[in-house]
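What follows is one chain in structure tokens, specifically the form predicted on its own.
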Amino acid sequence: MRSRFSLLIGAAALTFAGAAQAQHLRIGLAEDPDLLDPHQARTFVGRLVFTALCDKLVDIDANLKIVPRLATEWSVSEDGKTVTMKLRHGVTFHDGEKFDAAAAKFNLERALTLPESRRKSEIAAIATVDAVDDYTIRLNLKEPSSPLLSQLTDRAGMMVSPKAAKELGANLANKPVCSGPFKFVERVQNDRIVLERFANYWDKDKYHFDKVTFQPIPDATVRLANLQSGQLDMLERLLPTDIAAVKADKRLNLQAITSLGYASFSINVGNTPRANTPVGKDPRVREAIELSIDREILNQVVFNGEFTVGNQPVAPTNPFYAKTMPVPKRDVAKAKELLKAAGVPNLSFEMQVPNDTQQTQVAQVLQGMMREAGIDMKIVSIEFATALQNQTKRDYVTSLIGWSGRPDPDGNIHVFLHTGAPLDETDYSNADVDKHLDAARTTYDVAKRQEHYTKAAEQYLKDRPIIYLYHVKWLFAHSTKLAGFKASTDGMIRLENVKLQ
């Protein structure tokens, strides 16, 4: 009897020990992601989820160097028009299907041809893809493409199961099947996205969570309160005004790093009904709006001076920043003169603003500054996903929005400012800008690329379809129990070697 009792106690202890080792990571997001299909998606928060869900051909390290993931090595031909990639063996998708050259070929072709794909512009240089053998692919390019490998470090290089994609088509977003360290379990819109550990992941020993839950909480104060109360283990995009509170809390850690992206507001300058406004039709009005803004004051009031003021898609410290177009100083008198010349001395227009705390504060400061120039900017507070839908439909006048940034400048510029690009939702079109942005893609010479980007900037910054404001710092707050996390300049949450102690 004693022996049987001891065995039962031992079994119970083992069961309890196993349960105690289960790790559940809860991450607070500033918005709810859009579509969970890497070829269709466009949101920053969606990229955070994809980092755990979908592996990609290559990635970037802390120094923005391109490093292997599903592609273990690669080479570029002398003429720059062929890229050959060797693929990793022993990789499976979450549905058990094998990853190989045929799967990689399928994914790149899907990114190029799926009607709903937002990756087309990013990898438009690819003419065809060959499966050379079971684990080698060759990308045949229309022309040399300096940003191509950089694009493959993000959603354009993410691999989904060909079987699932063929069965579901664009509906793959409702049940994504990738090959990352965690697989999809469920999504409840505006509430949670749940992933669980993928037991057959090729590098599984570096991932320690059994479950990861992403919780969209737009209100930054509520997001922080959830972290402080233990309902979250981590949050992204802490408000700069909350830095002191996190530093004062011995249960929390703070990590900060300057981003690759920018914050801005887009202006509908096309030919749709909502673009038929003085703001959309007259460059003088857009110049007046910019001249009413003091970026330094905006940075101090909303961000405690933590962010970097800027007026271009890349930061002033970036080698591709157009030095001939520095940040303009505020000039209320000139703004009023321009509005008078344009026939709208009492300009009034709408700006749609995502309904999170920080964006609302930015909009309110901009509103106050514009008022001093006689501009009545009306804030239309709106849910983030709806704001994106409005942009896609061109159902907006101006829209406060940001971009998380890419390692290569092409990823911050071409997709927004080239005629017909997937995110050219201002409907901006200028042949000279197109010429220089295309030329910058087709040379590997850094000096020549800088020259083309400068010439393009000298035009689009005068046209102002987008008015750039600042470059953020990614601010992460997390429990001191969370070990191994390192903030990245791309803002992604990489869970490799991260665990709860």
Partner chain sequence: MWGYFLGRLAIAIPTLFIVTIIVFGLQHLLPGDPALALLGEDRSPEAYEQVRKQYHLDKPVPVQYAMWIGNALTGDLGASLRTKKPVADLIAEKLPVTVQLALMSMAIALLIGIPTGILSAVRRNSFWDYAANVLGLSGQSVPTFWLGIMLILLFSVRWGLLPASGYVSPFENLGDNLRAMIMPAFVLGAALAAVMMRHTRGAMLSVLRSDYVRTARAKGLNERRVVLRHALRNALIPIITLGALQLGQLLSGAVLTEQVFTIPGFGKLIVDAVFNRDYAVVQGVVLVTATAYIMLNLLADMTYFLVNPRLRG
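Computed from a predicted model, the values in this text were never measured in an experiment. In this text, rigid core is short for the largest set of C-alphas that superpose within 1.5 Å between two forms. Numbering follows the first chain given and starts at 1.
Below, we turn to the form predicted in complex with the partner chain, even though it does not appear here.
Every residue of Ala125, Ser161 and Asn271 near the partner chain in the model of the complex, heavy atom within 4.5 Å: Judged in the model of the complex, none of Ala125, Ser161 and Asn271 sits within 4.5 Å of the partner chain.
Of Val301, Ala170, Met325, Leu254, the one that lies within 4.5 Å of the partner chain in the model of the complex (heavy atoms): Here the answer is residue option Ala170.
In the model of the complex, the one of Thr92, Thr392, Asn318, Thr72 near the partner chain [non-hydrogen atom within 4.5 angstroms]: Partner contact (heavy atom, 4.5 Å) among the options: Thr392.
Asp32 within 4.5 Å of the partner chain in the model of the complex, heavy atoms: Output for Asp32 is yes: heavy atoms within 4.5 Å of the partner chain.
Non-hydrogen atom contact Val129 with the partner chain in the model of the complex at 4.5 angstroms: Result no; Val129 lies far from the partner chain in the model of the complex.
is_contact(Gly343, the partner chain) in the model of the complex, heavy atom dist at most 4.5 Å: Close contact is absent here: in the model of the complex, Gly343 is far from the partner chain, nothing within 4.5 Å, heavy atoms only.
Contact test in the model of the complex: Glu116 vs the partner chain, heavy atoms, 4.5 Å: The answer is yes: Glu116 has a heavy atom within 4.5 Å of the partner chain.
Stretch in contact in the model of the complex with the partner chain, which is absent here, among 273-281, 181-189, 132-140, 301-309 (heavy atoms within 4.5 Å): Every other range fails; the passing one is 181-189.
Those residues of 358-387 which, in the model of the complex, come within 4.5 Å of the partner chain by heavy atom: Counting only heavy atoms within 4.5 Å of the partner chain in the model of the complex, the contacting residues of 358-387 are Glu383, Ala385, Thr386.
Rigid core superposition, Tyr396 Cα moves 2 angstroms or more between this form and the one not shown: True for Tyr396: a C-alpha shift of 2 Å or more.
Threshold 2 Å Cα movement between this form and the one not shown for Gln352, core superposed: Yes, its C-alpha moves 2 Å or more.
Yes/no, Gly420 Cα shift of 2 Å or more between this form and the one not shown with rigid core fixed: Yes, the C-alpha position differs by at least 2 Å between this form and the one not shown.
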